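Form predicted alone, single chain, as structure tokens, below.
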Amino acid sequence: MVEQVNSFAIKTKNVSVHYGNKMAIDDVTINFTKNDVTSLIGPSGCGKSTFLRCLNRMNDVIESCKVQGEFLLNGVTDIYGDSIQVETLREKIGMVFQKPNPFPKSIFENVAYGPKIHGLASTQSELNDIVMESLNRAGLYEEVKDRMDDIATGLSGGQQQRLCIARAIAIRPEIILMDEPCSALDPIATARIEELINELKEKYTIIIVTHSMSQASRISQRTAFFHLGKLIEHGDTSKIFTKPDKEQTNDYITGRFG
């Protein structure tokens, strides 16, 4: 069966990344299907976070970083093209980081910030609706609806991470990148984030870096295994974890290295 171009949220081809003279990503080609969760797995330092940050040009801020290759949003728009404004790109491709990073503002202002600067609401009522909808989607509204003016840093770690997810989806992205979003959370908060990811994939394409193979197997439809900057294997999660094509993948999955 031939997959249609418009079924891909992002297509990448022959991607290489250098930090100065050091190669971090070596000739990676991978496509990300819309409304799937794709997990990027591999040992520490294998390049998975570097690759993730290429997808919304977070590496642009690193002076020594040089990115080469093709990145196409929805199969057609060149992410690194001269006509693309980075701010506009990041409206479409949001990001949630490893450590929750709420602004030192109220819960309401954290979620309202993006819609305000991107002009997504023309009235206070519209802004209120966006904030409430985003908090609902992030599974947080019922917990914070009576404390919207409280400083966000007073929330628990798991609540802060869900707030950051609400902040990301408030600007109505198509894609959400997550860089080990559960690594700083306890098992209960992690389970809630995993439930949320499963719900969000109905509306968003999600690409997540995770150090937890059990998490990857639970939440993702597709999995990509990186090692030493190379993409070793990419495919359906069930196949990657039960019958991978490459011996190197099997060795990592079964704990023989990594």
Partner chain sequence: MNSLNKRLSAEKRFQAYGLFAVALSMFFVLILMWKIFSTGSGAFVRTTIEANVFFNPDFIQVNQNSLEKELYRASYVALADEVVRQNHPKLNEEQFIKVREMYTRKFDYQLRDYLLDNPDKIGQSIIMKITASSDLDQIVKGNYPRDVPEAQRKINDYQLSVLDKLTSEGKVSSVFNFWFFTKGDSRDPESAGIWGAVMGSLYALIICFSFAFPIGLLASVYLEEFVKPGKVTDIIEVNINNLAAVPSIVFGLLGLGMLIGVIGLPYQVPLVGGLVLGFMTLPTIIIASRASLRSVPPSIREGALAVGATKMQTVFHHVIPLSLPGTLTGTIIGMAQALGETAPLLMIGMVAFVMEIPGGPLDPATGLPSQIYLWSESAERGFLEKTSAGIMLLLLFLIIMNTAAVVIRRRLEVKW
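Numbering follows the first chain given and starts at 1. None of the values given here were measured: they were computed from a predicted structure.
What comes next is about the form predicted together with the partner chain, which is not displayed.
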**Request:** Verify the contact flag for Met58: yes if a non-hydrogen atom of it lies within 4.5 Å of a non-hydrogen atom of the partner chain in the model of the complex, no if not.
**Result:** yes
**Proximity of Ser183 to the partner chain in the model of the complex, heavy atoms at 4.5 Å** = no
**Prompt:** Taking 4.5 angstroms as the cut-off for heavy atoms, does Tyr80 touch the partner chain in the model of the complex?
**Reply:** no
**Prompt:** Do Arg162 and the partner chain come within 4.5 Å of each other in the model of the complex, heavy atoms counted?
**Reply:** no
**Message:** Please identify, from 99-107, 183-191, 133-141, 68-76, the stretch that has a heavy atom within 4.5 Å of the partner chain in the model of the complex.
**Reply:** 99-107
**Message:** Quick check on this chain: which one of Met148, Leu127, Leu155, Ile171 has a heavy atom within 4.5 Å of the partner chain in the model of the complex?
**Reply:** Ile171
**Message:** Please identify the residue among His227, Arg53, Arg222, Lys201 with any heavy atom within 4.5 Å of the partner chain in the model of the complex.
**Reply:** Arg53
**Any residue of 25-48 that, in the model of the complex, places a heavy atom within 4.5 Å of the partner chain** = none
